[in-house]
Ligand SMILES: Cc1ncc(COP(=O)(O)O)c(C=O)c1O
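Just the one chain here, the form predicted alone, laid out as structure tokens.
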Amino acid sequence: MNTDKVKELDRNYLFQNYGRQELCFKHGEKEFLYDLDDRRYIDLVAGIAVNSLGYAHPAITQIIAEQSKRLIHVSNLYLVKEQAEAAAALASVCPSPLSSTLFVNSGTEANEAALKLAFKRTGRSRVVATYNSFHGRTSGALSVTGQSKYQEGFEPLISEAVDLIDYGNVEQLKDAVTKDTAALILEPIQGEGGVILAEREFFRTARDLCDERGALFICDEVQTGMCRTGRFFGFQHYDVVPDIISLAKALGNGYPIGAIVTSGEIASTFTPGAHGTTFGGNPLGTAIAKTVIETMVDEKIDAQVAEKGSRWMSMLHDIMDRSEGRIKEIRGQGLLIGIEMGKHAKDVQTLALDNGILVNVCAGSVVRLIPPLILSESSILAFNDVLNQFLE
């Protein structure tokens, strides 16, 4: 089947709710994707920060094959061995007291579960979130997403229990967290918002205020978690430990899975019947998640990412210095990098595609680099060449 036939089927039988590029891939290996005509692309999108161990990683393909022959799904009405093992693996890479996991199917579901847990735990009525954030598209997660473009047309579903502040604004944060606040939800880096970082003081203040005023601190690690920033979790760069973290994306390396992790005490708030999911924590998904965690630990992916990211950022800053102002800023941590290009971001994306490199544009003006974490030096240099080519 060729691309034109896929386009026809897409047009005739699918919702047209995605702004798709006219590309279709048939297989991948490491950080490379191959289209239906066998053209190879360097993938610096990774399924939007999902395929962190790349494509066809032998440990992942092996566990999928083995587990799918044994057991793919069984209800949460029963004990699930793979689920318990994955939770133990996750606890082993989380700082204390984060030790209890609830598995779900996506990042949106993880944030929904985190919010429900916070409201039930505290009995309070409000939540603090930030402008320019992104937490998901179901009603609760959408309500705390501080970008109106995602909410337009869905206003009846949007909660009015949300207090929005500017990301990184300490004084607004101090005013917003009150005795009525059930939770404060923050991204360690605003990924969809344009790769925006906060100062350490903002996160330290967030932790202190939640302790002082009895609110729960939720860190949305859906994009930043699982070694993306050079640490296992983004919050570790700020020397704080939140009360609840939400995970997804890289946790399954392409298999749909999400999770929240919290302390045993907070987890006890959810008693049987309080929250649940049919598919969350199924044997196949959690066997994959356990393998992802073990592989990241064994291969020291966090340290690799810290080194690669630091080196790549240095190279990009050198290019920016020669850009005569066309590159406005380089931002990021680890292998979550944003290149602020203003109106030229889409032009860079097009030129990269012409050279067989896939990049993502977010927030309208930022070239976002979120590649597989196993990215090779040659692929880094190939993108740098394209960026230099654009500037020339």
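Just so we're clear, the structure is a prediction, and the values are computed from it rather than from any experiment. Residues carry their position along the shown sequence, with the first being 1.
The protein also exists as the form predicted in complex with this ligand; that form is not presented, and the subsequent description refers to it.
Checked against this ligand in the predicted bound form, the candidates Gly136, Pro283, Gly254, Gly230 yield a single residue with a heavy atom inside 4.5 Å, and that residue is Gly136. Note on contacts: among Thr291, Thr181, Thr101, Thr108, the single residue with a heavy atom within 4.5 Å of this ligand in the predicted bound form is Thr108.
Interface residue remark: Ala250 is not counted as part of the site for this ligand in the predicted bound form, having no heavy atom within 4.5 Å.
For the chain shown alone, Glu192 is a contact residue for this ligand in the predicted bound form, at least one non-hydrogen atom being within 4.5 angstroms. At the 4.5 Å threshold, heavy atoms of Thr262 stay clear of this ligand in the predicted bound form, well away from it. Using a 4.5 angstroms limit between non-hydrogen atoms, Thr130 is distant from this ligand in the predicted bound form.
Proximity to this ligand in the predicted bound form, taken as heavy atoms within 4.5 Å, picks out 221 to 229 from the listed stretches 266 to 274, 202 to 210, 221 to 229, 159 to 167.
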